[in-house]
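Okay, so here's just one chain, in structure tokens, the form predicted alone.
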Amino acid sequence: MKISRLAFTLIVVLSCASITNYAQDKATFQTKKYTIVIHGGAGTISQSMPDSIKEAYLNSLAAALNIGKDILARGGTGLDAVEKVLSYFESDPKFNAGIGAVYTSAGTHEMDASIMDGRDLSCGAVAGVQHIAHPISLARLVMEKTPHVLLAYDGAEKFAQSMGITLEPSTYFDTPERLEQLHEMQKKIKEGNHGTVGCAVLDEYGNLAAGTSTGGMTNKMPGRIGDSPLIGDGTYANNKTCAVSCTGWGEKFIKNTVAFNVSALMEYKGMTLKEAADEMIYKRLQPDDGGLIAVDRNGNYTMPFNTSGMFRGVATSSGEFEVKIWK
């Protein structure tokens, strides 16, 4: 088929205009503004801990924060930042996730995780997995590769195998410190460790994302599932409002639907992010129940907690970078 010189010229002009518009749209869409907040669990954290241990925790928080910050600064997505930050925590035995997961009362490990995309409320979660090194990555696969939101126990692990993920032996998750915690907790016969790891992000494209990963509570009954893998309880993200990750006594966060309610108070009552988060942590929950991290669509962030401490950190495109444990 022959094309006239005029038609050919028109095609070239339109193509160039399309490319130019695409570049302009992308430049407009990419704001170069980002915020990332992280947590490594809230609970009874003694300020008399040895300096070497305190520095080890602060260094790990900074390392995790830098991983997410670098992804965002290079134009990466919030989902990628959330997954990589939490994967780092899952590889660090100091935190109650992945290899640092606490023991159930039966001396086993059962891990939960969830992730959510604020653009369209897509989400994925896994619960009760016992052989997955990085539950947060499996949660993302549930979101992206299945029509479901939550897979649990054997079903989740069979899905992991179908995705090419190698199942780890139970001994992979064994650590002397966590075993000692179990024995101490069994002596006290009461609930304990509420540690969890989480990340909430506003990326350069104006999208919000959040994720949470945990080994649960020390000495929990086998089969117990907390708030971390439950969308709306421990994790929530909505581009209209905010991204939230919670940490603490899971049952309390489930009963109060904490993560979703932070978003709902903003959307339906017009509260600011700080007002909504403070309402849930300081008025709806009880002292020592836990805390949360959150970022809104404008890049504002908050990290309230009603325990003695919460491992946490924040980094922004404006240069803010800080990690903390106590108030």
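Because the structure is a prediction, the values reported are computed rather than measured. When you see a residue number, it is the position in the sequence shown, counting from 1.
Same protein, other form: the form predicted together with a small molecule, not shown, and the subject of what follows.
For the small molecule in the predicted complex, the listed stretch (248-256, 145-153, 132-140, 168-176) containing residues with heavy atoms inside 4.5 Å is 248-256.
Although the partner is absent here, residue 196 lies within 4.5 Å of the small molecule in the predicted complex, judged by heavy atoms. In the predicted complex, no heavy atom of residue 72 sits within 4.5 Å of the small molecule. Contact annotation: residue 224 falls within 4.5 Å of the small molecule in the predicted complex, judged by heavy atom distances.
For residue 216, a non-hydrogen atom is located within 4.5 Å of the small molecule in the predicted complex, even though that partner is not displayed.
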